[in-house]
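In structure tokens, the next block holds one chain alone, the form predicted on its own.
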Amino acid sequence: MGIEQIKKIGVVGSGLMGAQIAEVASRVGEYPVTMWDMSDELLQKGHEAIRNTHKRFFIEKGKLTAQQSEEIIARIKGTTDMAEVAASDFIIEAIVERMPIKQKVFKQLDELAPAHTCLSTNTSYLNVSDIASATQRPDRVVGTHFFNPPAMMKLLEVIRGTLTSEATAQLAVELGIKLGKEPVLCKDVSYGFIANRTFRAMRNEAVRLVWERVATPRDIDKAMKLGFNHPMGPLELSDMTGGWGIAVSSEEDAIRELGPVEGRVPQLIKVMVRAGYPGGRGKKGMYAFYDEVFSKW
């Protein structure tokens, strides 16, 4: 299937990533987008999140008018019927980072979607081949890892599973370009692919510096920003994205892929998440934990 044959895009999940991926696809203007989630309430929250993103990053900065914003949102149809989203030419899954749940969804999509449909996953760490194994079309399963926030970030990691065909990988690259992204291509033998594998090492080392009381989280982030010209330090970035909670929930996968030493999550992250500081939208993370708990130990 060529890029010209993609007429409709489906997105599974209307959360932080799913809603913005749907927005990115709709913004192109030529694709009707179907966005699935388990309830109308979740879908409504997804649409409202898109409106808030438009207002903050586009309308107030003169990049979109209010009318253009509503036209983009109007092209995104919400549904709780998986069959509706399955009736797409290219489907992007953006649900929780749990392998059994992803495999269940991909099995369902495989059974419902037309034979030509490509199934992609927005996973940031999990093995694409394992996800594809739940389907009868592993050659048409590929990773399309958008970065948070998808509405703003240019990078798209296109990840080839062991059985992903060259045509499917190339299609994902071409679609990424059409959606305004800059794709990089990699294989799923790397846990965390390119960016997150590199970032994981940096984040874990920053956490160890806090644990050893070498410096405060703010000074560690400041050093990385001023010393290496990073826009955000690894600790504040994980606070924003909810990376702490994801790290703990995916530890078993990391150990399986990287071994018991490299895959293990630093103890401070576990302590922090157990205490209710996983980071993410509306939730506390490392900075708050340091101020409220760790600095007083």
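The numbering used is simple: start at 1 and walk along the sequence shown. All of these numbers come straight from a predicted model, not from anything done at the bench.
Just so you know, the form predicted in complex with a small molecule exists too; it's not on screen, but the next bit is about it.
Screening 204, 103, 148, 165 for any heavy atom within 4.5 Å of the small molecule in the predicted complex leaves a single hit, 148. Only one segment in the set 251-259, 56-64, 33-41, 229-237 has any non-hydrogen atom within 4.5 angstroms of the small molecule in the predicted complex, and it is 33-41. Every residue in the set 14, 17 and 95 has a non-hydrogen atom no more than 4.5 Å from the small molecule in the predicted complex.
In the predicted complex, the small molecule sits beyond 4.5 Å of every heavy atom of residue 127. Using a 4.5 angstroms threshold between heavy atoms, residue 122 counts as touching the small molecule in the predicted complex.
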